[in-house]
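One chain comes next, on its own, written out as C-alpha cells in the form predicted on its own.
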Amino acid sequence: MSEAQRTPFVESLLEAAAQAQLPGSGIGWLDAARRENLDAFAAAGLPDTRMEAWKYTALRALGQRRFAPGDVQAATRAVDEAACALPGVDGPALVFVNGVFRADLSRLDNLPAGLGLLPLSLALQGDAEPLRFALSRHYREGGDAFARLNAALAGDGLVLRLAAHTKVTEPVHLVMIGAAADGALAWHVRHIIELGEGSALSLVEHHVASGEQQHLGTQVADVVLRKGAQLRHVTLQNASSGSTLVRHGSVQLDEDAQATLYVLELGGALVRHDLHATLAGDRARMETRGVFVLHDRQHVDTQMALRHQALNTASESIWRGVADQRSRGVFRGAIVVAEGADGSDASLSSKNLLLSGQAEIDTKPELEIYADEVKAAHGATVGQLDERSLFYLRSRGIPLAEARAMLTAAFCRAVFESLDNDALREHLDQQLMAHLPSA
C-alpha cells in the first residue's frame, strides 16, 4: 500500500489487529484465512469512487478517522434493555453489545427441538470444522475491503443451524446494540445460518442504539437454505445517528427454497448494505422488500445482486426510498439470469421520493439475461410527492405537513403489507412514521 493509501483509518485497524496478536485462535485454517484477509486489506485499503460499486459513496472522510479496538467493557456495560424489545418477537434471542455476546441479555433456554443457536465465540470452542467453508473464505473483489476486515477481526456473531423438516414458530431475535463508550470503537461480527431441508424459520435482525456514539460496525452473514427450506428475515436498522455500519450478506437457495427479506433502514450516519443472492436450485424463489428514510446528512447505500442460475427460479424486489434535507440514498439492483436458467421470472422496482431540493437519491437497476423463455422487468423512478394528491388532502382541511406525511407513509407502507406478524408490522410502521419529517 502506498503512503497515500495508509490512511488513519487503515492504520488504526491494523494496530487493533496487532494488539489482538492475529493469528491466534489455535485453529490453523482459521488463522490462515484471517491473516490472508488482513494482508489483502492492508495492501488495498479502502475502495474509492473509481470503483463502480462505490461510485456514489465516497469514503474520504471515513479514511481520516481512527477507531479503537473492540470494547473491553462490553461484557458488563449497562445498556437500555427496553430499547431492543420488539412487539411480536418473544422467542429465542442472541444479543451483542458493541460486537460482544451478552448471555445475560440473551434468551437461549428451552430452545425448540432441532434449533441450534450459539454465539460464534462458543461455537469455535467446540467442533469448528462445520464452520470452515464460511470462515475460510477469502474476499478477492476490489470493493470488499470491509468484508476482508471482518473476516480478519470478527471474533463473535451468530451461528444458527436448523435441522431438516423443523419448523420454528417463534421468530429468532438477533440484536446488535451500539452502546456509548469512551471514544469511537470498531467492532466486527460474523453470522453463519443454515436451514436444513424442508425447514422453516423467521429471523428478526435489530440494530439499535443505547446512547449516542460514533462506532464503526461491520457484519458479514452467510446464509444457506437447503432443499425446500423457508426463511423470513426482517431487518430493522435504527443505529445511532453518528455511527458507521457496513453489512455484507450472501444467500444461497437450493432447490425449492424460499427466502423473503424485509429491510427498514432508519439510523446511522453512513450505512452500506451489500446483498448477494444465488438462486442455485430449480424453482428457488427470493423476495426482497426494503425502505430507507433519511434526513440531515445521512448516507445509505444498498447494493443488491441476484443471480438466477437454475430452472424456473423467481425473484421479486420492491424497494422504496425517501430522502429529506441534505441526505443521500443509493440503490443498485442487479439481476443476472445465467445461461441455462430457462423459465426464470425476475422483477425489480425502485421508487424514490425527494422531500428537499438538497437531498439526492441515485438508483440504478441492471438486468443481464443469458437464458431463454425468461420473464424479466425492472424500473426505477425518483420524484416528488404528487401535487394533485396534496391539493386533494388540503382541500379536505388537512394541514400541509400532515398531508405530506400521510402520502409519504402510504408510499412506504406497501413494502411491508405481506409481513404476517401483525404486531411487528405495526411497530415498523410506527418507527417509519417517527422518522418522517413533521414539517
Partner chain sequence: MLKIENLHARVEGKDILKGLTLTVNAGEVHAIMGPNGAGKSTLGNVLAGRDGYEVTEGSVTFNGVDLLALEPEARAAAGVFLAFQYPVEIPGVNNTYFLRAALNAQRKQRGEKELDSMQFLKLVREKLKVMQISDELLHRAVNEGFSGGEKKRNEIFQMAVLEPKLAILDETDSGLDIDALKQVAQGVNALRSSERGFLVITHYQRLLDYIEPDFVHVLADGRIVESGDKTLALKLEEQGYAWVADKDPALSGASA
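Residue numbers count along the first chain shown, from 1. Since the model is a prediction, treat every value here as computed from it, not as a measurement.
The form predicted together with its partner chain exists for this protein as well; it is not shown, and the discussion that follows is about that form.
- With its partner chain omitted here, the record of contacts in the model of the complex names 398-406 of 398-406, 62-70, 47-55, 376-384, defined by a heavy atom within 4.5 Å.
- Interface residue remark: Arg413 is counted as part of the site for its partner chain in the model of the complex, having a heavy atom within 4.5 Å.
- Using a 4.5 Å cutoff between non-hydrogen atoms, Leu393 counts as a contact of its partner chain in the model of the complex.
- Taking the partner from the other structure, its partner chain in the model of the complex has no heavy atom within 4.5 Å of any heavy atom of Leu436.
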